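Only one chain is included here, represented as structure tokens and corresponding to the form predicted on its own.
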């Protein structure tokens, strides 16, 4: 099965880009299915269901959505196997440190051109390890700003393929669909690995500690001066 993982900053237009891409996939005779990962609430599944495709929603609640998606990756693929031939996983876009792509999936980063010229420098593995970078909302900034933004993306990920896409009209989404169609299948799910380690999620705050004082905290922790260490037994 082909698997594409779509990540990006909140509000970048991931769902809109995917909807137009799905329409092209359906027109080409494919049967895409979608898993939507979010934190507390989503109604994007309603938009996907209007396309007549199977949709699964996963809400991570108190768990890091990146860890949630990775932990449930096998279940998502198993769910999709008898429902379609292409699995599209839209991640929550919670933080700039997300690292959701696996080695044999197609990694698609959706990033908003209006978020500022330095945004590509501020985000982490979901941009730097992506196969494809989709730049949205470029039509409402100047040509010079678009060129600077594009160069910043290439500075952070020189090997990526960049597409400028309009999430309202769908312009550029045919090319994204073609990339998905030409991507390789995931055949050995048991040995599939992440391209980059996930964000740290090993400390007392992660398991419910609410006291602020540093003396109450254990686990892998990073100080404001950048030093990272392990506190505990």
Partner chain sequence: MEIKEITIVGGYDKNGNPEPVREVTIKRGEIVGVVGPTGSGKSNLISDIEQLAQGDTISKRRILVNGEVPPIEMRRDPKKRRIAQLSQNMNFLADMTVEEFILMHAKSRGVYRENIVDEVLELANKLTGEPIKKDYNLTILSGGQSRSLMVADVAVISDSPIVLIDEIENAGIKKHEALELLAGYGKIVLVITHDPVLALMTDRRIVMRNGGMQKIIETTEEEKEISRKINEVDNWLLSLREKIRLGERLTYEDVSLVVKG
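Keep in mind it's a predicted model, so treat the numbers as computed, not measured. Positions refer to the first chain, counted from 1.
The discussion below concerns the form predicted together with its partner chain, not included here.
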property: Residue stretch of 53 to 61, 171 to 179, 191 to 199, 36 to 44 approaching its partner chain in the model of the complex, non-hydrogen atom distance within 4.5 Å; result: 171 to 179
property: Contact of residue 117 with its partner chain in the model of the complex (heavy atom, 4.5 Å); result: yes
property: Its partner chain contact in the model of the complex: residue 151, any heavy atom under 4.5 Å; result: yes
property: Residue contact check: residue 162 to its partner chain in the model of the complex, 4.5 Å heavy atom; result: yes
property: Contact of residue 95 with its partner chain in the model of the complex (heavy atom, 4.5 Å); result: no
property: Any residue of 126 to 161 that, in the model of the complex, places a heavy atom within 4.5 Å of its partner chain; result: 139, 140, 141, 142, 143, 144, 145, 146, 147, 148, 150, 151, 152, 155
